[in-house]
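A single chain comes next, written as structure tokens; it is the form predicted on its own.
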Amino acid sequence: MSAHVFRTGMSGYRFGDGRTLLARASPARAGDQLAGLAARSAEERVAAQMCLAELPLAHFLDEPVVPYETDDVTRLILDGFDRAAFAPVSHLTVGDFRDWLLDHGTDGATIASLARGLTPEMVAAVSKIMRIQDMVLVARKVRVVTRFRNTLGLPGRLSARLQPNHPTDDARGIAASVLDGLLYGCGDAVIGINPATDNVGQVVRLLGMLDEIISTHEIPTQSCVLTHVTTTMEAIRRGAPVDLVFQSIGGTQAANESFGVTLAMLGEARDMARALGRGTVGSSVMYFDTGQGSALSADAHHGVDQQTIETRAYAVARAFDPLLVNSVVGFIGPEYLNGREILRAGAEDHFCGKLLGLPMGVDVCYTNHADADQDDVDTLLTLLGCAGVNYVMGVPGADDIMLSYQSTSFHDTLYLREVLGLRPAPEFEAWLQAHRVMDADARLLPASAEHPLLGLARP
């Protein structure tokens, strides 16, 4: 780290390096307090934010928050940096960059063209001096479109992951949840199961079940069993019908090692899944989960605040052309984010991911021991809908009975689509209309006892 000292005229505050400055400027976060990184007072936080606003964006190229020599994520960020893409904003400070992003003349295409010319630290820095409404306004300008069996992220669209988890991976229970979700118009992002076990045989069975549902009913969507990447690779070797490869990732080499993955492993898994050729309209096969605080849990944060480390995880995701990236914003617990902080963190994660060119979804959620409730979920869900989030979760009753946390329900997706005039992915919407789930105006139709999808409940 550089020995540079950042000073501000506000009561003489000094910050020893860029890593400290970013941490002190970060809005209050329980995890940063736990790690001893947070500002020690509101006054110090404001002083750090003022100092950060005056810092040139280019500074982050000279002073990585995690050393280049010891961290492959830092090497990935700096070795892949596109100076030509950075050129239009290379002369700006962090504060100037905020003003440029908010300017009416800066449209989404212009912002998107910068993606490969921005480092996560630049993006995290500008988020720290923005209000939630600033991040919503900028993020809604940017659309990141991805494709596998349908087209996700288009303007005027909101997709949902259908999450039919079951505590014992019971086939009938999963099938009932899949049917429920489809009849509410959910599942265009992915039908994705978090398995109760990482057993390869069980994962292969679940993959086969989902593939049979999708192929039998010709549903234009993709499936995923959210098991460890090595388990999915073994399932591919056994001939399983793998659409998407899932993995939780972090913003440092040590964080990823705590998940049991390397960058090379992710690249190998992507190539294996692409070689199956199962996509019909595209070949983005990766699905990544992230979340603020995971690096701190693994003692892999290198003294960097949790929001900056989270944004570095997006650089890892970006390198593998993902179909879906999902911040599970409140899953890790109140030791890292309390209810009020979850609201801010969800807006940050979506904003930062979009600026870095990612197809961002957010699992608007909280653990059962957090000081949060469904009103908090409604508030963040609505904010993210206004910000142009690509997709959210569809969990039966908003209560995941396998993972034991609270998220968003099938009804919540309908609410957001209706309030904001949004529709499912186009291919999926056409399928819903053909199967009498939705009408031509994307309104839900009642399901009769003779509905053609009811056979799903009898696998």
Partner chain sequence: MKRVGRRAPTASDPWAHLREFTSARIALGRAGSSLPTRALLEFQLAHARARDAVHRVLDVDDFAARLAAEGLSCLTVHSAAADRDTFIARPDLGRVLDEASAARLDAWREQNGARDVALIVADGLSATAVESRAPELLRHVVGQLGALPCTLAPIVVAGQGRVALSDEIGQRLGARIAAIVLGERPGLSSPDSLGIYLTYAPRPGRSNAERNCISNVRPPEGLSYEVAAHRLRHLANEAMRRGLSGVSLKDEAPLLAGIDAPSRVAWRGDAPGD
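Treat the numbers as computed from the prediction; the structure is a model and nothing was measured. Positions refer to the first chain, counted from 1.
Not pictured, yet referred to below: the form predicted together with the partner chain.
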| query | finding |
| --- | --- |
| Heavy atom of each of 156, 209 and 429 within 4.5 Å of the partner chain in the predicted bound form | no |
| Which of 315-323, 282-290, 73-81, 146-154 sits within 4.5 Å of the partner chain in the predicted bound form, heavy atom basis | 282-290 |
| is_contact(residue 69, the partner chain) in the predicted bound form, heavy atom dist at most 4.5 Å | no |
| Contact label in the predicted bound form: residue 396 to the partner chain, heavy atom within 4.5 Å | yes |
| Any non-hydrogen atom of residue 422 within 4.5 angstroms of the partner chain in the predicted bound form | no |
| Touches the partner chain in the predicted bound form: residue 184 (any heavy atom, 4.5 Å) | yes |
| Heavy atom within 4.5 Å of the partner chain in the predicted bound form - the one residue of 95, 334, 303, 117 that qualifies | 334 |
| Position in contact with the partner chain when the complex is considered in the predicted bound form, options 130, 204, 214, 328, heavy atoms within 4.5 Å | 328 |
| Residues within stretch 363-377 having a non-hydrogen atom within 4.5 Å of the partner chain in the predicted bound form | 363, 366, 367, 368, 369, 370, 371, 372, 373, 374 |
